[in-house]
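Next up: just one chain, as structure tokens, the form predicted on its own.
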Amino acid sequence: MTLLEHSIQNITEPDQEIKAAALKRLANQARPRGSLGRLEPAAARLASICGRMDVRLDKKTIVTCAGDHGVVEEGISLFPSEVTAQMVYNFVQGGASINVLARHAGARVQVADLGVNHDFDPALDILHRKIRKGTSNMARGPAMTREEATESVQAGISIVNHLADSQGLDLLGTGDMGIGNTTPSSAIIAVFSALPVKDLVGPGTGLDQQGVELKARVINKALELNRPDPSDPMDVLAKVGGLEIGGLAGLVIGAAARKIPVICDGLISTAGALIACELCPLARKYLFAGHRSREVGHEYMLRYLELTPLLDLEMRLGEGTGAALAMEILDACTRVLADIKTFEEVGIQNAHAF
């Protein structure tokens, strides 16, 4: 049995009895019923995932998966592929947006190299999981082989296992870095949703309308050429995906297998989550959407996965920044459930009149 098969086999339904108990406690707290809105169902979900009412998310890590994309040859990005490696160094040095927001959330940032077109020093403090130096140009053939796609997913699973075993892991956030990766991400939602590509493509790093139209044409060309099978998520990943997107899928599956809640970031992270949930629908039960990205395709991904984002701040950066901000919301959810007293606990009578 492969690591992927074993992990999927270990994904089970979160504890529904604890979820019911959590919802009952929330309904009986000394405040108007439902007055904390979406914090309440999120708190109950966390309790069911973690198997207890008093959840403590002390050990938080954001894994930013990095990889390059051959489709950049088609002119679909304002930045060259070399920026991917440069940003990895910035993450390691602690100077990027994700580093700042993760520190604020009390989370650790770990960068994982799944497919950056650069030779990093083995001593560099990153998770070295390189499968190959970037994908092939999906507009001219498959982005990678099926074997490489599977390896990328299994690399993500192995990262979760490593982090959980070596330092403990209560909450996982997923992030990305890869010049050109909004193109394969948009292709993935196009395959699964069967919606027109033109409705799913956004500006990425800041393309103008002409650039967005070019990106749509490139994606349509890749879909027509490769014909990814929507009933076979590994085929979709291999033909029009990315190595870091496979790693992101593996993070979701690995976390779900170990009953660890996971927050996905924006378009690229959610593309990975889409692959994960197509491979194992139960994985969705462990997944939270950190925010709603301004990238238009992200909205369709959230609808497809039936996820309500915790935040909507008009962000479209990636890196895991939306996940970092949402971690603070989930921290608050745990205290809402465990610490707010019920009417009975504070001795308020005739609570129905409150």
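Everything quoted here is computed from the prediction, not taken from an experiment. One-based numbering along the sequence shown.
From this point on, the text means the form predicted in complex with a further copy of the same chain, which you will not see here.
Proximity to a further copy of the same chain in the model of the complex holds for none of 2, 230 and 296, with the criterion being a heavy atom within 4.5 Å. Remark: of stretches 297-305, 314-322, 61-69, 44-52, the one touching a further copy of the same chain in the model of the complex is 314-322 (heavy atom within 4.5 Å). The contact residue chosen from 101, 219, 116, 163 relative to a further copy of the same chain in the model of the complex is 101, the criterion being a non-hydrogen atom within 4.5 angstroms.
Put simply, of 97, 226, 137, 150 only one has a heavy atom within 4.5 Å of a further copy of the same chain in the model of the complex, and it is 97. Within this chain, residue 27 is remote from the site of a further copy of the same chain in the model of the complex, having no heavy atom within 4.5 Å. a further copy of the same chain in the model of the complex is not approached by residue 15, whose heavy atoms all lie more than 4.5 angstroms from it.
Contact annotation for residue 145: none of its heavy atoms lies within 4.5 Å of a further copy of the same chain in the model of the complex.
a further copy of the same chain is not drawn, but in the model of the complex it has no heavy atom within 4.5 Å of residue 168. Within 4.5 angstroms of a further copy of the same chain in the model of the complex, the stretch 21-37 places a non-hydrogen atom from each of 30, 31, 32, 33, 34, 35, 36, 37, taken in sequence order.
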